[in-house]
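Let us start with two forms of the same protein chain, each given on its own as structure tokens and named structure 1 and structure 2.
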Structure 1
């Protein structure tokens, strides 16, 4: 469990929030106690409840902060002109306590998970629109749905991080895994996988008409 040091100049509320993010990410919301969080922040349990009302109120504050940090990191990456929004996940993942918190919420299927994902989607969609304007990514016929799929891929890959690392033959440490994971992801995102549009065309036909286009074996 983390604890503060004598040089910590954060506000009391920030110390409590940060300690809660770490503890919720480590053991989950149900197992984390206000007493443990208070001890890590160097305050009393009563002061935690005084500021946040309840453990649920504290989690809501943590949700807001984590979503805002994800948004800040993505937007700064794009506005810098130095990288693209998905490479920016490397810098976000470097903040392991934030990522553990988010992934723990998704694993638990808690009410906070839906709120966090929806808020992240809105921030990511805004960033995707900005990225199109700046020429970082190509325009899309349906940027809304594309954003939903890409966000699901991002967090799905992180939920399966241990399994992905195992088949890649690397450790789960960010410094070891991220270069391999980022390079593979960006190759797919930059160059694509399929050599032509036959599968996309078939699924667009299905989406439009409710039936896939006829095949050579089953002519119209």
Structure 2
């Protein structure tokens, strides 16, 4: 029931916080109980409240910590160059519980989710601008909004991982899922899905004239 041992040199506070991050990430804030978290940290429920004031206070601490950890790991990645995809994958693996926490926050709509999404957006936007300069990404006069949409698709895809796996007929683990998902999204992101620009043109005309396009604009 309790996941600590004698070699755990984290402070009690840190143990509680880490256990909470794991638990919140697994079942979400509302379904995680203070008693569960306390047991996982090897302490009593009273102590959790003693240190963090309330369950909400505990969440705030976790939020701040996760936001800071994400920021830290990105700074590290940038500083170290991080061109090795295996190293990148390993670090993602190490941050798995942080990502789970983030995805749960996104589901439940906590304030931290907004902060993390916004931070992620700023970072991605810079990366996109850089990639445009390097000729990797198509130039666009609408890069800002495109980045927002792509980011939402990326995280949205993660949120719906289970459903995508099911209709694809594979398991939900990354090893099985990733190749199929990556392949399909690469194709879409490289060539688009529309055979020509008719929908885009119709949209442009609509935006200019205030006349609605003659057909639905997104059959996907």
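Residue numbers count along the first chain shown, from 1. C-alpha atoms forming the largest set that superposes within 1.5 Å between two forms make up the rigid core. Since we're looking at a predicted model, the values are computed, not measured.
- Between structures 1 and 2, only structure 2 derives from the form predicted in complex with the DNA.
- Superposition on the rigid core between structures 1 and 2 places the CA atom of residue 29 2 Å or more away from its counterpart.
- With the core held fixed, residue 171 shows a CA shift below 2 Å between structures 1 and 2.
- Here the chain acts as two rigid units, and between structures 1 and 2 the smaller unit rotates by 25°.
- Aligning the rigid core between structures 1 and 2 leaves the CA of residue 62 offset by 6.0 Å.
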